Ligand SMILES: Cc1cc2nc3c(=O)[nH]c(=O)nc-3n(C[C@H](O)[C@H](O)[C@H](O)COP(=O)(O)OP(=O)(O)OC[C@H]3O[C@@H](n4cnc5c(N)ncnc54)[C@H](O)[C@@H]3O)c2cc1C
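Okay, so here's just one chain, in structure tokens, the form predicted on its own.
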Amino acid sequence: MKRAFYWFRNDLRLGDSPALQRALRENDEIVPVYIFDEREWEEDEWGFVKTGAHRTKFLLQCVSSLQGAVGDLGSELIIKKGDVAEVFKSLKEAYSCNTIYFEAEHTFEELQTENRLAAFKLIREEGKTLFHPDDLPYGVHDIPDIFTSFRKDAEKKSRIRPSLPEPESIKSPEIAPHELPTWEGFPVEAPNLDPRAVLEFEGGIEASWERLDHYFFESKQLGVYKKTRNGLLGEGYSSKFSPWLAKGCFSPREIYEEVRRYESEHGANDSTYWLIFELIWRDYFRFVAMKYGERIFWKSGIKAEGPGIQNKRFFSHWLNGSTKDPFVNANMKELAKTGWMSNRGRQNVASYLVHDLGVDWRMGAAWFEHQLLDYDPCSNYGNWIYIAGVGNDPRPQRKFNTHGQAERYDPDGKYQRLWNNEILEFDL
């Protein structure tokens, strides 16, 4: 009887999972495991709990959904909270497993966690990108440092593999049912839904596909995505798939195939292409992280030196939405209250922090990590070093005119009025 662990990390789904399919193919039984890694709720160097309330709530919902899906296939999901290495050490004897299968990660802390599992045989499979790294026209360490060059090469010379179906069943040894941790086990308070939120983001496999079906096929908003994607108000200005992508509730390849289905039924246009274009951007930041490793977290990024100082007085105003810029303030308040901010807002507040206030960009990236529902280390830090001028940007400085941006994207001030009556007080 060959048996192994399957470790769900940020791939909280059963469909299109190369690592899970391999684990099932190579073993008679697998033991599905999810671990709430206690280090994700520790304070970082800036004093923020890494995983804030909004993301904790979303994650609990994702794991609950996964637990139900695993149960439907005839198994049980082991749910633990604690130190990853210690949890697997305790499970090793109970289930006689020496091998762990999982979806590959490439960022510093995730690799550190893997390094502490030296007592096990570790089997990784890529599953987070639209283009598989092996299908690129060059090795990951040779990818261009400019996105446009990468995109053109990938589109012309690479293929997108078809997604994998959900397994029909999961054979496991007898596993007792497990319960989710309670809120008392986390150093954050359960958040309330703000009625001004653009969407009630609910974590999980079912919710991710419900959102896709609504955006693509019920409302057909995909057909105008390129025109509306820079919006600020309402659920329909963009797909808002990123929280579910970050937790792997569905995969980029599954979304790509649904775009193609939409095009076959309703026609292709600039908007349908542009959603795929954004998935390629997401790929690119992951490949940049693979190429440069921990440098994406350095103050200097992938450049020779980094800008900014640690001015906590200015940073506090930015964080609390009490700067001299009402557009920046509105976006920061939306983030604090909902865990969400538009892409247009993110670029503006990041530029303002770095280029107008002169603050170390890493402080802003850490606050986003704490707050954002869709936090992903590659996308978050890739975007921050890009804006800060120490990443993959051919321009020497990507400074936004926030007043001009507000006039263009919030000309009647409706968005700013919606959020600027909120008073926030986060102590540093």
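From 1 onward, residues are counted along the sequence shown. Here the structure is a predicted model, which is why all the values come from computation and not from measurement.
Not on display, but discussed next: the form predicted together with the named molecule.
A.B. asks: Please tell me which of Y262, F120, F88, W340 lies within 4.5 Å of the named molecule in the model of the complex, judged by heavy atoms.
C.D. replies: Contact with the named molecule in the model of the complex is made by W340 alone.
A.B. asks: State the residue from H132, K80, R282, H355 whose non-hydrogen atoms include one within 4.5 Å of the named molecule in the model of the complex.
C.D. replies: Looking at H132, K80, R282, H355 one by one, just R282 meets the 4.5 Å heavy-atom criterion.
A.B. asks: Would you check whether the named molecule, in the model of the complex, lies within 4.5 angstroms of a non-hydrogen atom from each of E210, L212 and L232?
C.D. replies: Zero of three within 4.5 Å in the model of the complex.
A.B. asks: State yes or no: in the model of the complex, is some non-hydrogen atom of L335 no more than 4.5 angstroms from a non-hydrogen atom of the named molecule?
C.D. replies: Judged by the heavy-atom cut-off of 4.5 Å, L335 is well away from the named molecule in the model of the complex.
A.B. asks: Should D374 be classed as touching the named molecule in the model of the complex when contacts are defined as heavy atoms within 4.5 Å?
C.D. replies: Yes, contact at 4.5 Å.
A.B. asks: Is L275 close to the named molecule in the model of the complex, meaning a heavy atom pair under 4.5 Å apart or at it?
C.D. replies: Yes, L275 sits close enough to the named molecule in the model of the complex that at least one of its heavy atoms falls within 4.5 Å.
A.B. asks: At the 4.5 Å heavy atom threshold, is T113 in contact with the named molecule in the model of the complex?
C.D. replies: No, T113 is distant from the partner.
A.B. asks: At 4.5 Å between heavy atoms, only one of the stretches 154-162, 343-351, 287-295, 92-100 reaches the named molecule in the model of the complex; which one is it?
C.D. replies: Contact-bearing stretch, as computed: 343-351.
A.B. asks: May I ask you to list the residues of 241-257 that have any heavy atom within 4.5 angstroms of the named molecule in the model of the complex, in sequence order?
C.D. replies: In sequence order, F241, S242, L245 come within 4.5 Å of the partner.
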